[in-house]
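Presented below, as structure tokens, is a lone chain in the form predicted on its own.
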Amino acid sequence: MNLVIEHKERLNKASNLMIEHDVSTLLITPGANLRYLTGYKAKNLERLTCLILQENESPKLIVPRLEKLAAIESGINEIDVEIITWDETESAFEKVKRPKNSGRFAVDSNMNSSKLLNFQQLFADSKFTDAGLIMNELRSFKSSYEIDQLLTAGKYIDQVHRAIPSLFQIGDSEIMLAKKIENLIIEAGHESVDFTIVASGKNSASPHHEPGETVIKKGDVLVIDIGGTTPSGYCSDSTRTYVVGECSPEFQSKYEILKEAQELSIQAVSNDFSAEQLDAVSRDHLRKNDLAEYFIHRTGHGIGMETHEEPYIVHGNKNQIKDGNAFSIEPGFYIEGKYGARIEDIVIKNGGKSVNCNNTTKDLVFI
């Protein structure tokens, strides 16, 4: 896919959504939204860098003069975005034209409060809203290019999970194993490590446990949730559960129920379900087997240029799951003081079916 065409299409779709939502000006500062729309991975400085979309105006990027060459090198000129620079003694905010109509200003969800306050002071007679109403809708539907990138990210993180049994050594602490995994995440093809959860023994009952000095010992359950970002900017995220040596029949039985719940959820992606209906699939299966009270988080989250984005697979989200949506399916159970388990795959609804980005075994892996 030609990325110039891809980014032009994204900018055009954003402009169309602005009209639908009565937005006269869209202000996007450095972060995932700016990279998504333009390909520019800008530094988030105290100085203002901001993409401006306005009705009947060509897209413009306001940048400090010292960042002009970096913006050009990103290829932003190729997608017909005009670069407007500002000097240290100028007001960057005054480079934004007053819109021709009375629509709202939509500002990037991650814009610094100081920058937002400057815009609000300058355009005091305008109403401001969160650009999420446009950007979430745009980014939640993946193009064929994005689907390919997520499949590649999934292959990279699968390589890491396959190697974990050979990485582990008796005497490793959680943090020692985490550092080994982090090195492998980079070697597998990621540009950066986003997170490495290594939770052993009783710590496995904490879904977001930070790896510490706990030594991993024989008989421990080991929940490993890892992810990184690829050079193209797309994220991986996958969880597998391991056992050092042997586990109790009780845990094995519970794990098999969890695996069934996760597989049922993936199969249900092909149904015409809302996000909350999909969330209910694994939850209902765990409820039938007296495990639902230990499933303490949502079934999943969207993923793309950020690890967590729309759509969220959770009770209360009545939006339909549609083609192009990419998200995790990650039911778990967490019994405080004993152990926990989670199985997580990234799936994409495409052609009415579920496409798995992760394809390592979901069986308990005994190390």
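Only a predicted model underlies this, so the values are computations on that prediction, with no experimental measurement involved. In case it trips you up, residue 1 is the first one in the sequence shown, and so on.
A second form of this protein, the form predicted together with a further copy of the same chain, is not displayed here; the remarks below concern that form.
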Quiz item: Hey, of 218-226, 156-164, 200-208, 260-268, which bit sits against a further copy of the same chain in the predicted bound form at 4.5 Å between non-hydrogen atoms?
Solution: 200-208
Quiz item: When you measure heavy atoms, are 120, 308 and 312 every one within 4.5 angstroms of a further copy of the same chain in the predicted bound form?
Solution: yes
Self-check item: Listed residue that, although a further copy of the same chain is not shown, lies within 4.5 Å of it in the predicted bound form (heavy atoms), from 125, 88, 290, 250
Solution: 88
Quiz item: Just one of 84, 170, 116, 133 has a heavy atom within 4.5 Å of a further copy of the same chain in the predicted bound form. Which one?
Solution: 116
Quiz item: Does any heavy atom of residue 323 come within 4.5 Å of a heavy atom of a further copy of the same chain in the predicted bound form?
Solution: no
Quiz item: Do residue 143 and a further copy of the same chain share at least one heavy atom pair within 4.5 Å in the predicted bound form?
Solution: no
Quiz prompt | residue 107 within 4.5 Å of a further copy of the same chain in the predicted bound form, heavy atoms | solution = yes
Self-check item: 4.5 Å heavy atom contact, residue 97 to a further copy of the same chain in the predicted bound form
Solution: no
Exercise. Would you give me the residues of 25-48 that have any heavy atom within 4.5 Å of a further copy of the same chain in the predicted bound form, in order from first to last?
Key: 43, 45, 46, 47
